[in-house]
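Just one chain is shown here, as structure tokens, and it is the form predicted alone.
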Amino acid sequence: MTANITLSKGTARRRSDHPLWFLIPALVILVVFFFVPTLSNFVYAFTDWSSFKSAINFAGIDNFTSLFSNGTLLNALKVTLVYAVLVAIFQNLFGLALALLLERDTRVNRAVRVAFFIPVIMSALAVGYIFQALLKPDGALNGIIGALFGTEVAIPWLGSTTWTIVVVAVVHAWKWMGLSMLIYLAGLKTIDEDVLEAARLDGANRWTMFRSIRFPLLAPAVTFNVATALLGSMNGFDIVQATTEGGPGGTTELLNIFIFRTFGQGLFAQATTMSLVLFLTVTILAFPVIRFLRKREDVL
């Protein structure tokens, strides 16, 4: 009898100390700050909620029809997709180049890796404001170029309706390229040195080894970096808001900036509708992108 009581007490103690109990605080935060707002989007997007009305009434699909009919939402969605593709390209090119350059495990390379990872842990708003100051016509970048060429330079880096989105995408990629670098470095470290040595003995040069051996074996790292860069930048806001605020002429007005402005105008239901559209767009794009990259891994 005593043994049974001792056994039951031990079982109860193990249940109370189970690791799953430590997940409860994180689950509460996730439910309150993610699941509840996300589900609220599906409710308030079909209402006329605004600061100009005292009551919230059901409006059906009026918000969707009005937003899609004037073309502003579609333009913001197009800008967001272009921006996301540019960020994914630049971030992965920069990250892969850095990983290849800093692959050797030397003291200098370790220090440089840390230096390139610092922007990742910096505030995105801080990065945006720093580059906004650097890229002004009278900013430091034009001053450096002018000093090198001995002439006055006043290039409006953030004032072109054609190239500003590319410049801002480069800034976004610069902030996050340290993370891509680490992922690619981890992938390079997993490549069997015997395979590379066999390729060298067969007469393969460095470019051939990279194209035919190293890059194909980096497929899982490419999948992770492309997916996170593409889908993460679709939710971009901080850097663009700090550098251009959606200008010039709305050419960098991402959907999140459009949502921010609409909500600030008191049109809460329309802002919620845009947020729902963004959520559905990211969700719909995530599956085919990840599926395509996974299939690429299988082929390689």
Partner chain sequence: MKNKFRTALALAAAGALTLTGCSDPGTGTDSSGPVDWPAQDADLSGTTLTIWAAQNSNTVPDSVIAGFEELTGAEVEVVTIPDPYEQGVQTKVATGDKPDLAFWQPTASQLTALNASQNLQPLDDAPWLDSYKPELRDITGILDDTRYAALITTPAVEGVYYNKEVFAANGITETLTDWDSFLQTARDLKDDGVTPFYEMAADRWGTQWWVQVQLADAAADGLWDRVNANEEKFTDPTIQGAIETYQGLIEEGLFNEDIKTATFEDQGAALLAGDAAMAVQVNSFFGQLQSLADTAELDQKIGFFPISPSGNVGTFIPDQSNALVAFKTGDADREAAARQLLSYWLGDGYGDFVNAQQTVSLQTGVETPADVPEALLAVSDSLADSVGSMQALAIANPDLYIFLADMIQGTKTPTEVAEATQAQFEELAKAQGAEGF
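These numbers come from a predicted model, not from an experiment. Rigid core (definition): largest C-alpha set, two forms, superposition within 1.5 Å. Numbering follows the first chain given and starts at 1.
The same protein also exists as the form predicted in complex with the partner chain; that form is not shown, yet it is the one meant from here on.
Although the partner is absent here, V36 lies within 4.5 Å of the partner chain in the model of the complex, judged by heavy atoms.
By the criterion of a heavy atom within 4.5 Å, F68 is excluded from the residues contacting the partner chain in the model of the complex. Mapping the unseen interface onto this chain, G146 falls outside it, with no heavy atom inside 4.5 Å of the partner chain in the model of the complex. Proximity of A45 to the partner chain in the model of the complex: non-hydrogen atoms within 4.5 Å are absent; the residue sits far from the partner. With the partner omitted here, the stretch from 97-105, 220-228, 110-118, 155-163 that lies within 4.5 Å of the partner chain by heavy atoms in the model of the complex is 155-163. Using a 4.5 Å cut-off on any heavy atom, the residues of 239-273 that reach the partner chain in the model of the complex are, in sequence order, E245, G247, P248, G249, G250, T251, F260, R261, F263, G264, Q265, G266, L267, F268, Q270.
Relative to the superposed rigid core, V31 undergoes a CA displacement of at least 2 Å between the shown form and the other one. Positional change of S54 between the shown form and the other one reaches 2 Å or more at the C-alpha, relative to the superposed core.
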